[in-house]
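Encoded as structure tokens, the following chain is the form predicted alone, with no partner shown.
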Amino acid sequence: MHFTSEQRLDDAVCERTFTLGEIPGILWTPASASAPAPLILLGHPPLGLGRMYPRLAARAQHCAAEGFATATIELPGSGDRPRWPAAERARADLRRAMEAGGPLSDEIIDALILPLVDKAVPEWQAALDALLSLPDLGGPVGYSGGVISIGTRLAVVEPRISAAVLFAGSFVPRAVFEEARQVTIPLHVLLQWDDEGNDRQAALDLFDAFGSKEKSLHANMGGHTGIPQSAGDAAGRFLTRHLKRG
């Protein structure tokens, strides 16, 4: 991990950009922390860190006020990372299918999501290895937001993640429903009831498939970007409860 810049946000948060091989990322830490801070990995859609930065930084500042460090990385094929022709073809196929108005086939969803999950999850794990080697970071670790299939896979394969907040706002391959049955960590799932780009029934079925004994579904009226502040606050309280036990 190589740090490339550092700045303070409102005197309370230290923001450091880094690279991990070819992967760009950002780490936010509470400026006044006196002990290693628990870490939350901030997921996001594959739109590029530059486009997502205002929302990510706001989430990071909110977390820092509760004593958490946060980090994110650029997803494969996004931002300034090398182009990914297969992903571009999958997005083009998705656009054509949606414009045609017909149902989306499992093949289209699989081609769009599964390769992204296969690439992104090992990168998140490598980033977690590097982040937890830093003296100002410690466990436990949480995951929040982003592509729900990535969060589901991470919850299955990464034992250092103790709890997760997942956003039901992206397409879900059939294979991920089977993986969801293996999830055992506490989950807090957010669902926008009127999300025009989300299959509501698939989101409900995925929630039902999660194997966690502790899981909660918080549904709110409104579209994809209309999550109310109260829902975000509830998600924050969930992570605080599970990552600061003891």
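Numbering starts at 1 and runs along the sequence shown. No experiment lies behind these values; they were computed from the predicted model shown.
Beyond the structure shown, there is the form predicted in complex with a further copy of the same chain, which is absent from this document and is the topic of what follows.
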query: Full three-residue contact with a further copy of the same chain in the predicted complex, heavy atom 4.5 Å, for 89, 105 and 167; finding: no
query: Contact stretch among 52-60, 39-47, 23-31, 210-218 - heavy atom within 4.5 Å of a further copy of the same chain in the predicted complex; finding: 210-218
query: a further copy of the same chain contact in the predicted complex: residue 193, any heavy atom under 4.5 Å; finding: yes
query: Contact of residue 241 with a further copy of the same chain in the predicted complex (heavy atom, 4.5 Å); finding: yes
query: Residue contact check: residue 202 to a further copy of the same chain in the predicted complex, 4.5 Å heavy atom; finding: no
